[in-house]
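Just one chain follows, in the form predicted alone, and it is written as structure tokens.
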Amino acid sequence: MRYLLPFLLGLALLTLWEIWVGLAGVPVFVLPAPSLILAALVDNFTALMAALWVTVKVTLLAFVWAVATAVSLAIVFTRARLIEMALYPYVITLQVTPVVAIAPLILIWVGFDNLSRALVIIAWIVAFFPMLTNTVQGLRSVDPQLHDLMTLSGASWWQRLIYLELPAALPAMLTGAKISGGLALIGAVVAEFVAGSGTSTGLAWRIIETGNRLEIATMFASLALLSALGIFLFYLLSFCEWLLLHRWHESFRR
């Protein structure tokens, strides 16, 4: 029922959408019917799949870099409090500054001939902070008695990190990864919007292009692909979370 009910509800909403658009005579350039959106997806399948692949590459690269840099910096923060006090305000500044405001600067600094690199950097900025904060919180939430046990066992700092802190922080890290995965996709879309160039061939550029041409059905098809990609990333990371935690973590025993 967990999967059947959402499917039936979505099917019912699409049916009502199809019927209402037909009966109300809504113009196609305002709100196309689901059947027209599906037809536009089929007609432009090759171009939309190529654009989807560009967006997927930017999203995955930004996500991987966000996870790698955030986990590394979180380890440094939990080992050196002075470094954390020195850098954390700048990390917060990077997060709270609207990415739309700094994206043009990044495009200029990186260069329009390296547009893909600029897109990855912009998406990384959006995805980085949740991963960092969740990892820091997880590393600092280890049971103090387990730390005492590691001290009595004469464990080195890296043994304490690998065998105690990282496994204990894994639930918080996976939660941060699910948040960062969605934000990496949002960052990739925002970056393509800001780039505003035909050399940016991702789904966001297809949305702008089809909107300017009033090809609203194709625009909705691009939006549907973006939504499907976001849902796929969330459930993929949720599956990874289940795979790593279901045997021992209490959140999967209820």
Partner chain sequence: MSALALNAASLRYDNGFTALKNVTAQFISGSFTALVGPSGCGKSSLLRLLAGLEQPFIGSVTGLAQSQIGFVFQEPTLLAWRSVADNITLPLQIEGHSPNEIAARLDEALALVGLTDFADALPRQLSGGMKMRVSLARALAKRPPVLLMDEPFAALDELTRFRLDDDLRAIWQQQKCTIIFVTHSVTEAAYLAERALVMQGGEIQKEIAINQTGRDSGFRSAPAFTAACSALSMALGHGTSPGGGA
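All values reported here derive from a predicted model rather than from experimental measurement. Numbering follows the first chain given and starts at 1.
Missing here is the form predicted together with its partner chain; even so, the following discussion is about that form.
Interface membership of residue 96, defined by any non-hydrogen atom within 4.5 Å of its partner chain in the predicted complex, is ruled out. Contact annotation for residue 91: none of its heavy atoms lies within 4.5 Å of its partner chain in the predicted complex. Contact check for residue 152: a non-hydrogen atom falls within 4.5 Å of its partner chain in the predicted complex. Under a 4.5 angstroms non-hydrogen atom cutoff, its partner chain in the predicted complex has residue 159 among its neighbouring residues. Remark: of stretches 72-80, 161-169, 175-183, 132-140, the one touching its partner chain in the predicted complex is 161-169 (heavy atom within 4.5 Å). Comment: its partner chain is not present in this chain, but in the predicted complex one of 87, 146, 108, 101 has a heavy atom within 4.5 Å of it, namely 146.
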